[in-house]
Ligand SMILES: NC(=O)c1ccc[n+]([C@@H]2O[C@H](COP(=O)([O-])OP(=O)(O)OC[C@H]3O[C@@H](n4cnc5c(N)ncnc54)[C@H](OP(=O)(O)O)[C@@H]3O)[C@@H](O)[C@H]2O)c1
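To begin, one chain is listed below as C-alpha cells, in the form predicted alone.
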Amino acid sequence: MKYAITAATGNFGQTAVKELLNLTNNDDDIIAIVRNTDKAKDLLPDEIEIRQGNYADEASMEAALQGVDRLLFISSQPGAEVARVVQHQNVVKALTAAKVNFVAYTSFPNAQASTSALASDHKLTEDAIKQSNVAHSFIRNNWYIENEMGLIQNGVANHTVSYWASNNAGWALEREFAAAAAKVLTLSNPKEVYEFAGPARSYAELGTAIKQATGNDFAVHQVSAQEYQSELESTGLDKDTAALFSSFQAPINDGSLNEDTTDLPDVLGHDLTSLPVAIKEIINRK
C-alpha cells in the first residue's frame, strides 16, 4: 500500500507522518508531498519518500500522486496568492487524474450546513471530492488548543485572561487531531464523515484550565468584541492585526464549534488529554 500525506512539513503533517509510520508495516510506502523538499528532508523521518508538489500547480500535484493508493489531503491556509478554493480544486483534479483510490480531507465542523465564513471553501472542496467519485472521508476538525496561545501566555504571565466569544468549542491538542487523521487513512471501512472535537467547553472553562495548568490566580472575564480588540491594540498590535486576532473567536461565538461528538476519542481508541494537562504540555514546549 502506498500512503501519501500532503502539506507534510506543517505541524499537523509532521505528526500525521510519524503516526502513520507507527500504524503501517514494512511492506507499506509512505510519501510526503511538500512544496520545499530541502525543508522536508530536515524535518521528516529518513525512511519515507519525499515528493515535490504545490497546490497552486495541478501538474505538480498529479505527478506527486502517481501510484498513491490512499491520500491524507491536509487543507491549505487561506490568504495565499492563489485562492484556497482554487488550490483545493487543483488537488482534487490531480488525485482524480492520478487514480488515487481513497482520500481523507481535513475539513471544517459541519461544513455542509455551517454558516461560518470559514466553512465555505471546505464545503466546496467536499463537493468537488464527492463529484470526483473517489472514495473519501471528511475529517472535520474542531479547534486546536494551540489556537489559544495568546490566552495561555497571559495565564503564564499571571495576567488577566480576557475573551469576547460566548458559546463553546471542542478544544483538543493538534497532535490528537493529526494522529486520528492518520489512523482514518489506514481503516478498512472508514466513515464518510468524522466530526473530530474534544468536549464542548466555554472560554470560562478554558480560563479555569489555564489557571490549573499554571498554578496562577488571575482574573478570567468576558468583554465585548470591541473591548477585546482594544486590549489587543494596547499591547502594540496595529488595528488591522488586532481585528484579525479578535476575529479568530467568531466561529466560537456563532456556535460553529459547539459540537457533541465522540468521533475523536473513538478513532484514537483512548480518552483525550484533559485541558489542564494539554495546556501544560503546550507551555512545556516553549
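Throughout, we count residues from 1 along the sequence that is shown. Computed from a predicted structure; not experimentally measured.
Below, we turn to the form predicted together with this ligand, even though it does not appear here.
By the criterion of a heavy atom within 4.5 Å, residue 273 is excluded from the residues contacting this ligand in the predicted bound form.
Although the partner is absent here, residue 147 lies within 4.5 Å of this ligand in the predicted bound form, judged by heavy atoms. Mapping the unseen interface onto this chain, residue 251 falls outside it, with no heavy atom inside 4.5 Å of this ligand in the predicted bound form. This ligand in the predicted bound form comes within 4.5 Å of a heavy atom belonging to residue 39. Look at 157-165, 130-138, 203-211, 83-91: in the predicted bound form, residues with non-hydrogen atoms within 4.5 angstroms of this ligand sit in 83-91. Annotation: in the predicted bound form, residues 9, 13 and 54 each come within 4.5 Å of this ligand through at least one heavy atom. This chain lacks the partner; the member of 185, 179, 74, 152 within 4.5 angstroms of this ligand in the predicted bound form by a non-hydrogen atom is 74. Heavy atoms closer than or equal to 4.5 Å to this ligand in the predicted bound form belong, across 163-177, to one residue only: 174.
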